[in-house]
Ligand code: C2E
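The chain below stands alone, shown as structure tokens; this is the form predicted alone.
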Amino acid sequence: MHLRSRQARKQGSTRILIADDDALTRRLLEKTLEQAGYEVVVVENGRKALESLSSTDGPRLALLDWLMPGRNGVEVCREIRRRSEHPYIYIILLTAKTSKVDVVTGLEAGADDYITKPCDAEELKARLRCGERILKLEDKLTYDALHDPLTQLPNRSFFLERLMLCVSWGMLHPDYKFAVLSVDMDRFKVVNDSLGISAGDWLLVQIAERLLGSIRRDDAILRTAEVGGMAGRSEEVGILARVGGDKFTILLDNIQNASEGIRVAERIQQAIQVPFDIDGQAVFITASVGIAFSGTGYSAAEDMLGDANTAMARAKTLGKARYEMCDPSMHAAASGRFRLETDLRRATERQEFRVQYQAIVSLLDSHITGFEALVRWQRPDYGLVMPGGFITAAEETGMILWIGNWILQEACRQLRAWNLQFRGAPPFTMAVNISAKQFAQADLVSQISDVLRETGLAPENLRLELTESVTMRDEERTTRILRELRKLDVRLCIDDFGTGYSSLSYLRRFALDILKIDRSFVSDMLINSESMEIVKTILSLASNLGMQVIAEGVETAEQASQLRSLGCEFAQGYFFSRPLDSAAVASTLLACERDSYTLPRKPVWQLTAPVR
């Protein structure tokens, strides 16, 4: 919203400019309009008219004489319309010209209306009332376009417009400092999901009130948007804006240093932490805040807001209910993340993903029983990238759905080929991880059924690995989906068991087939008695429930021996084999004892073929 249009609404009477070189006409019009309740500004030429209309608090209604010395009314009209940064001014031309050509010329110059001299008082007032209605509509449309309808706070467009003023001023005046705070409510979705959208909207309004209360009075544009200064001027001006959902931004203008932003962030968190009362129910919520300070130098409003958002996201990652300052390393990290997401999308088109397979072996006789499919990314200029380098980005961008389906198809196709080439009894199995987003898909079961049908793999040879956190998100749905998957005759496995929400009822309710002991327990069990007890407990629990157990991350002979003595039947890890591409797996199987595919008693680096 332009400052002038806001201030115009504060006036008790509408201001109007009369520009005419004839003194008698000016006096008559001035007397008529003052009697009608207008605040009248009178000038005698086009230059002064342009100065008056271009000033910060200039009139929004104007009567311009067509023929004036210097710049005439038509020229002033053209100049005003050229200056798009100003709020709209309703212009009526005063003219003795009545020909159609002259009228068209005036209207094309940007005039809204015209009236012939000598003016009829009642006709003039009627035309001005029409102009006022149009200005009110213009102001409302502008206000609505720049404000959030729920909280009546400025919106993102308004905020960026004002932030750009600060950025521009800061580029010209190095001593001028300002800051942007990105404020996001933690776990706000829980309120909408549990209490309903209406309660969530009410809460947002209350949050806005508290944010306004926690900002210094001279930092905030109140929701009525009544302000009295410009960025870089002596008056301190700031903005609290709602930019979408439960996210707010704050512009602190004309501050001394970054610590002022930190003080505001602390006041915000204190204010938000006080419980809200919704129909007698106490609702607790916290806020994560990111701060970007102009001292690092900015040339674009979007960049500064983006850095504040990056800092806010980091605050959430580090535990929520806290603030974080932006620094150059954050900017570099954000740029790197953008490139990662861009390259990730292109990777599907360029077929850059690879599947490697890690053998699962019997601890009793070193027999290879199956494999786990592990995705890798052959990223140009970076080499082979492990899942930790891109899976999180894939999940956040939704690319994990494509990747997960591709891995499933590739792994099933490959296992089918190996079971035909290397016939053993029983045939090899294949474990494939199912991500949270995959598991949430409504057609997950039909997708898996289609892959099994297309690849020709026997369903009982497929192991679907889920994490405990995935299955616990919606127990009713999880129970239904797992039951449908069991009907397909695939086997179900809980990965990283022991690190999540393990319980006996949990395992019984979901009727799972396999538990995988997390590598963290395996690696510590020989030096940490607590890890050893956890391993023993998992093995005992699985035995009582008739489930298989696979130990992950076995790297030494001592670990393998200890697991065997505890009754663990299966394991995987570098002690047996590193993850290999399909050609290396085939070479390993060819080197094994035929039919039983028992691994020879050799050091791991002699056993496995190198990763290609």
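As the structure is a prediction and not an experimental result, all values here were calculated from the model. A residue's number is simply how far along the shown sequence it sits, counting from 1.
Although it is not shown, the form predicted in complex with the named molecule is what the next lines describe.
At a distance of at most 4.5 angstroms from the named molecule in the predicted bound form, none of the three residues I16, N72 and L128 contributes a non-hydrogen atom.
For R376, a non-hydrogen atom is located within 4.5 Å of the named molecule in the predicted bound form, even though that partner is not displayed. None of the heavy atoms of A442 is located within 4.5 Å of the named molecule in the predicted bound form.
In the predicted bound form, M386 approaches the named molecule with a heavy atom inside 4.5 Å. With a 4.5 Å cutoff on heavy atoms, I538 does not count as touching the named molecule in the predicted bound form; it lies far away. Judged by heavy atoms within 4.5 Å of the named molecule in the predicted bound form, the contact stretch among the candidates 42-50, 573-581, 64-72, 26-34 is 573-581. A single residue from the set I391, V283, I115, A417 has any heavy atom within 4.5 angstroms of the named molecule in the predicted bound form; that residue is I391. I407 is the sole member of L240, I80, I407, L482 with a non-hydrogen atom lying within 4.5 angstroms of the named molecule in the predicted bound form. Shown without its partner, the chain has no residue in segment 152-172 with a non-hydrogen atom within 4.5 angstroms of the named molecule in the predicted bound form.
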